[in-house]
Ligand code: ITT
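As a starting point, one isolated chain is supplied in structure tokens, in the form predicted alone.
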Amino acid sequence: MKIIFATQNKGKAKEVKALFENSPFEIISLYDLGNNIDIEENGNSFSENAFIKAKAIYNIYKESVIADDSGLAIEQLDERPGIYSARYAGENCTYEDNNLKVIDELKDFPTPHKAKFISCAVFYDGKNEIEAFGELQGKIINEQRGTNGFGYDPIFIPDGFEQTISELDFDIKNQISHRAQSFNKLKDKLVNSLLG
């Protein structure tokens, strides 16, 4: 069964395709389809934003869609950047811009800077709306380390590790990440509800 993954992000697409590798589902990203549509995510939660993306892409292709919205919640910053994680440093900002803004905002707070990544993964096919959540607890450090990740990965050390997510091997990241958790749960729900 083919499912479109509503993302332009090559890093995300690689992660999620790997998670669905040995499943009944074939994942095709917007990038694979040559679609660079920009969807305005104006919801008030990760769930709302994920469904906004899924429904927008469903309305174009009339095919089953998965989507996610994820972000970083930092305890000392009142759970910011939250749903604004992707554009925290402003429109058209880079990952590095976002990381440097977070490091700057935390500089007067005592360590450790407790944080968590949150992911909401959703499925939509015109009638079924299914969602699943994942979380990864950790802390923010005051420098960027590693080149394997994207987003806030270079400044986030997961609990139980010494390395940032960007320093971890891809396979390890894809076992522990918030996105791996949410999409694995979603995959199980899809198997049960669509194929069960």
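Residue indices: 1-based, along the sequence shown. Owing to the predicted nature of the structure, the values given are computational and were not obtained by experimental measurement.
Missing here is the form predicted in complex with the ligand; even so, the following discussion is about that form.
Student: Would you classify Tyr95 as touching the ligand in the model of the complex, given a 4.5 Å non-hydrogen atom cut-off?
Tutor: Output for Tyr95 is yes: heavy atoms within 4.5 Å of the ligand.
Student: Consider Gln175 of the chain shown here, and say whether it contacts the ligand in the model of the complex, taking contact as heavy atoms within 4.5 Å.
Tutor: Gln175 lies outside the contact set for the ligand.
Student: Would Lys187 show up as a contact with the ligand in the model of the complex if we use heavy atoms at 4.5 Å?
Tutor: Close contact is absent here: in the model of the complex, Lys187 is far from the ligand, nothing within 4.5 Å, heavy atoms only.
Student: Indicate whether Phe150 is a 4.5 Å heavy atom neighbour of the ligand in the model of the complex.
Tutor: The answer is yes: Phe150 has a heavy atom within 4.5 Å of the ligand.
Student: Out of the stretches listed (124-132, 138-146, 55-63, 152-160), which one is close to the ligand in the model of the complex, meaning heavy atoms within 4.5 Å?
Tutor: Heavy-atom contact with the partner occurs in 152-160.
Student: Does the ligand come within 4.5 Å of a heavy atom in each of Pro112, Lys114 and Thr164 in the model of the complex?
Tutor: Judged in the model of the complex, none of Pro112, Lys114 and Thr164 sits within 4.5 Å of the ligand.
Student: Residue by residue through 68-82, which ones have a non-hydrogen atom no more than 4.5 angstroms from the ligand in the model of the complex?
Tutor: Sequence-ordered list: Asp68, Asp69, Ser70, Gly71.
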